[in-house]
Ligand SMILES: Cc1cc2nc3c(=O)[nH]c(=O)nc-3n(C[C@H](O)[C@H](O)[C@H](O)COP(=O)(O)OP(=O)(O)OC[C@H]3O[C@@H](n4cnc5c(N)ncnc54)[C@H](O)[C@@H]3O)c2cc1C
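In structure tokens, the next block holds one chain alone, the form predicted alone.
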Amino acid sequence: MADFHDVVIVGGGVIGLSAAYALGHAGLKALVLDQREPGREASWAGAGMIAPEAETPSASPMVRLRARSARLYPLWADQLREETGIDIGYRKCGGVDVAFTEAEDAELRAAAGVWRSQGVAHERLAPADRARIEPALNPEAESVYFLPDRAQVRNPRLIRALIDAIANRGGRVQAGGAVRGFSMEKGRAVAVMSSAGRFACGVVVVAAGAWSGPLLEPLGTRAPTPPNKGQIVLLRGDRPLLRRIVEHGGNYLVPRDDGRILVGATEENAGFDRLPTERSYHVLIREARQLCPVLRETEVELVWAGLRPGSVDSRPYLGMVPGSSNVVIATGHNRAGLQLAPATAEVVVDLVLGRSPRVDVRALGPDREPVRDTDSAAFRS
């Protein structure tokens, strides 16, 4: 049938696009549907920070997804450059975590214990060594930890490369149509119903970010994805001012090679309002200048916000929708969508093909009991 699609993916953020890209490599043509321009929600409100690979095996699915993605990103960067000519900006720049108070230092010491247990390279820097690692740091910091294997990608470039690569393999990304629901027959989704039309398919993947929860309710699945608004400020300097990613609590500075610096990110419970606020802007600017006083020399180039999809317990939903044989859920990644995208995409391919996932994600099913995953709490994205 001309209008039949192997897989229809609902949601064109980095999770949905990565899944379509990986499915293309597996020989399946995916149609990605997005109600807006693809990649303009949570994927646009992140900085593309990639956590270091954990060398020690872990039972935590979050740690395993993070480690697998860290391993895949340099491979994906090479593949995407070869397939599309786009450099997604992957580089292992290293990062520093900073504390300014005794309480923050205690939190960093606890995080360092997690890093140690996972085999993540890190070093508590003596004051005399801090300027060698990151000269721009505020010398008044209480403590600084260096993680040499932190990496980053340029998320707008990644989105563009994924869209091009999907098309190169016969898939399609379609914007401008809101998905209303699914046509079901005997526990199987046979079509996705959208304001842009009816799309018959073999498998459905729900990766609609903060809009996923309501789509799943008619299928009898309660998987709330409350929006978490995140605001980011882009600074521009006349020269590169930072060498490393700098993190302080939930905030970060991410230096790009062209002298730009991302400052993020707030967390706001504001419903589906995605407009930047003056209050959050001032919080981020103040944070940037406290962390690295040299950033007073920069100019503000852009301010924006996006909606990250939450979940019942800060972990994503990843698995088959209960009671359905062909509906996959991959959403609720909150701040970790960019960080976990390649490994999530691999799991989606395995589920679509009926294989045992390369990462055991049974604990991430939408019907799970909420649980605090302390092994994954030491990294943000």
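Start at 1 and count along the sequence shown; that's the residue number. Predicted model, so just to flag it, every value in this text is computed and none were measured.
Heads up, the form predicted together with this ligand isn't pictured, but that's what we're talking about next.
Annotated contact segment (heavy atom within 4.5 Å of this ligand in the model of the complex): 224 to 232, selected among 224 to 232, 285 to 293, 165 to 173, 88 to 96. Proximity to this ligand in the model of the complex, defined as a heavy atom within 4.5 Å, singles out one entry of 30, 65, 33, 318, which is 33. Interface residue remark: residue 10 is counted as part of the site for this ligand in the model of the complex, having a heavy atom within 4.5 Å. Taking the partner from the other structure, this ligand in the model of the complex has a heavy atom within 4.5 Å of a heavy atom of residue 15. Under a 4.5 angstroms non-hydrogen atom cutoff, this ligand in the model of the complex has residue 265 among its neighbouring residues. Residue 307 belongs to the set of residues with a heavy atom inside 4.5 Å of this ligand in the model of the complex. Although this ligand is not shown here, in the model of the complex the stretch 139 to 170 places no heavy atom of any residue within 4.5 Å of it.
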